[in-house]
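Quick heads-up: it's one chain on its own, the form predicted alone, in structure tokens.
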């Protein structure tokens, strides 16, 4: 079980963050060198980070939805080793709700044409042809990237509203590389070909995925148990608040528990997955002015999920539904039984997750739980999915810094911070927030594997910042075996 023992004054490797990156990094350290003793600290009350599983009166729910799909063999082996028979196969089922209609996603030509109508379908096709003939040559933002591949009318219908709900800023302020990373190789032509021939080859359009029987947190709880069974330690409700350094090495780290108790530890090395901005601001002496200025410019999007328990079984079969309707605030709706039957304890009820994207401190974030449950119930009814009167219980979970924002200038800011952190010989960063990179779960794990290797062998190991997300999906990435050198594609 995960323990809460007080750490020794001196620790081997301090791992900051008990999410996918931190736990993967700790296990990789132990795999490569059995003498390494990682101490993992997690500010929350359970492991898993954004991939944790929360529960309420027997109902389990996923924070944001996590499909387990990868083409990186080492990640696949990691998952299967920990989960065994509890790693179930789940068919992907998702749709888009827009203008009172459900659009299948992945695209089905007949469904899309029927919902849009022949006239609007023809206009969308002409718009696509126009953008193919006269594309924006230098794609700088999300809107340009999508329009070049789908046309302006389909961007307006299927991308604009949902994307702006997620990020809270116009598509023209989101950088094109976010679209290239998240939507990957998808285009209108490829989507139609996949739909007609049912190939499903695009990473964005996978047809099935793996999932832990009791939610993603089950996997990370097992990872924590494995770390401890191998001599490491995982401590909850502990945050790193200050990192003392001499300009080349981290000398001491101040840890603070939830009850205010503070203690300093002296680490041999540090692997951090805490938000990049928090890491820099925790440094003492402070970072140079230009680094602090770069931190000030990095932004995050926060997130909350309102889980509703209904007095009847599933109102829809999908894993989740994307809500492109501009007249409601909800951005995505999950049906947790569609992920795993064991997420819901009573077959006569349903557990529905209403996801809202917001900023910490804004109106949604600051609303009390009762108000949010009432809002979610009302919008569920407005969308025609279930009457508000069928909601018998609810639970609200808020998640800070869920999404690093890819706005103008973020790359230069991250590079300024990265170059400064490179000067510390015993510090590595990894993961989504640890690198301010909107990674999938498997990509966060890969960066942690490489970071752990670098702490052990900085001369021959690769650079976690150079792990190419796209190439890892094309299986060109390999983690270094015990007896061989590994080269990370740049």
Ligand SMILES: Cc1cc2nc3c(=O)[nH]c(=O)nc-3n(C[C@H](O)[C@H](O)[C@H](O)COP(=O)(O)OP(=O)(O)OC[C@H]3O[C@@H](n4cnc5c(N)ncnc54)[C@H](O)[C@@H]3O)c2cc1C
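Positions refer to the first chain, counted from 1. Note that this is a predicted model, so its numbers are computed, not measured.
From this point on, the text means the form predicted together with the ligand, which you will not see here.
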property	result
Answer range among 452-460, 420-428, 29-37, 438-446 for contact with the ligand, defined in the model of the complex as heavy atoms within 4.5 Å	438-446
Candidate spot 78, 270 and 464, all three touching the ligand in the model of the complex (heavy atom, 4.5 Å)	no
Close approach of residue 349 to the ligand in the model of the complex, 4.5 Å, heavy atom	no
4.5 Å heavy atom contact, residue 67 and the ligand in the model of the complex	yes
Residue 332 within 4.5 Å of the ligand in the model of the complex, heavy atoms	yes
Contact flag, residue 151 vs the ligand in the model of the complex, heavy atom cut 4.5 Å	no
The unique member of 397, 291, 239, 169 whose heavy atoms fall within 4.5 Å of the ligand in the model of the complex	239
Position in contact with the ligand when the complex is considered in the model of the complex, options 275, 232, 215, 353, heavy atoms within 4.5 Å	275
Stretch 34-71: residues contacting the ligand in the model of the complex, 4.5 Å heavy atom cut-off	41, 42, 43, 44, 48, 49, 50, 51, 63, 64, 65, 66, 67
